[in-house]
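Next up: just one chain, as C-alpha cells, the form predicted on its own.
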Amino acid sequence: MNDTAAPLIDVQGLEAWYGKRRILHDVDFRVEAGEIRVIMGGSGSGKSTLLRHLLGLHRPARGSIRLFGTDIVRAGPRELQQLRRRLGVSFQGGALLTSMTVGENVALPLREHHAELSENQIRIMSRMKLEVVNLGGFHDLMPSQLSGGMVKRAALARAIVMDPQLLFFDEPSAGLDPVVSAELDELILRLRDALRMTIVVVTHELESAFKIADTITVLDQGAVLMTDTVDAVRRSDNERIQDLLNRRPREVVVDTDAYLRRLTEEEA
C-alpha cells in the first residue's frame, strides 16, 4: 500500500474486551499525515485502551489497525520491529529509568535500534534532542533531580530521538501547573511544524486539547461520539459532548434487578 495515499493510522471496526466487559465498541479511527489528533474523553471512556491497541500492546477482539499501511494485528515480529522504528511514544509519567542519567535515558532507543552508531554519534544525537526540548546541559542529571515538567520534556526528547514520523503522547499536561502545561503545548506545536511529525495526543485537559488539536476524536463508553475540528466539537449539540466540555457528571441510573441478573449470568 502507498503510504503517501493512505492515512498514517487507519482503524476499522475495533472491538476490545477485558474479560466479559467490552471496552471499545466498533471504533473507526483515521489520522492523516501532518496533523495533531487529540483523543479526548472522560475517565473510563476507553482512551488509554485505544492507545495501547494503536501501539500494538494489546490484540483486539475484532477489527484492523493499520499503521503506515501495515496491519499490526497480523504483522509478524520482524515487521513490527521495523514499524516501531518509525514511532515515538511519550508515556504519561515520563517512564524514565531512575538508575540512568537523563542523557542515557534519551539515548536508549538509539542503542536498541541502531547498533551501527558510535558512542560519540549517540551522545551527539541525544544531546541535540535535549536541546530541542529546552533541556540542553541537563544530560548528566538524574531523573530525580528534575521537576515534573522537565521529566515530561526529557521523556519527549527520548520519544523523538530517532526522528519518528508518528508520535504518541499520553496525557502530556497531567500533574503540571498551567504555566508549564502551556509551555509543553507550545513545544508540541513547534515539533509538528519543525520536524513534520504526525502527533496523536491522549488527554482529558480541555484547554490543552483545544490549543494543540487540528482534529479531536471524542470517546465515550468505548464508542466514538465525534471526530472533527476544534470549532465543530465546541459547537456540537450532542448532549454527552457538552457534558464533557462543561465537566458535568453523567447521570447514572442503575437498574438493580438487571444488574443482579447480569451478575448471576456471568457467574454461571
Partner chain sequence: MNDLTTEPHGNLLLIRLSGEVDLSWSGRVRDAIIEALERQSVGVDLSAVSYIDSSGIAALVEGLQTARDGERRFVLVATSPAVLAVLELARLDRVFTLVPDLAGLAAPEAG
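No experiment lies behind these values; they were computed from the predicted model shown. Residue numbers count along the first chain shown, from 1.
One more form of this protein should be noted, the form predicted in complex with the partner chain, which is absent from this view; the next part is about it.
Chemist: Do all of L87, L108 and R111 end up near the partner chain in the predicted complex, with near meaning a heavy atom within 4.5 Å?
Modeler: Negative, none of the three is within 4.5 Å.
Chemist: So which of L96, V132, L166, A159 reaches within 4.5 angstroms of the partner chain in the predicted complex, heavy atom to heavy atom?
Modeler: Of L96, V132, L166, A159, the residue with a heavy atom within 4.5 Å of the partner chain in the predicted complex is V132.
Chemist: May I ask you to choose, among A182, M142, L195, L80, the residue with a heavy atom within 4.5 Å of the partner chain in the predicted complex?
Modeler: Selected residue: L195.
Chemist: Have a look at 146-154, 100-108, 186-194, 167-175 and name the one stretch with heavy atoms inside 4.5 Å of the partner chain in the predicted complex.
Modeler: Looking at the partner contacts, the answer comes out as 186-194.
Chemist: Decide whether V73 counts as a contact residue for the partner chain in the predicted complex under a heavy atom distance cut-off of 4.5 Å.
Modeler: V73: no contact with the partner chain in the predicted complex.
Chemist: Within 4.5 Å of the partner chain in the predicted complex, counting any non-hydrogen atom, which residues from 114-134 show up?
Modeler: Heavy-atom contacts to the partner chain in the predicted complex: H114, E116, L117, N120, Q121, I124, M125, M128, K129, E131, V132, N134.
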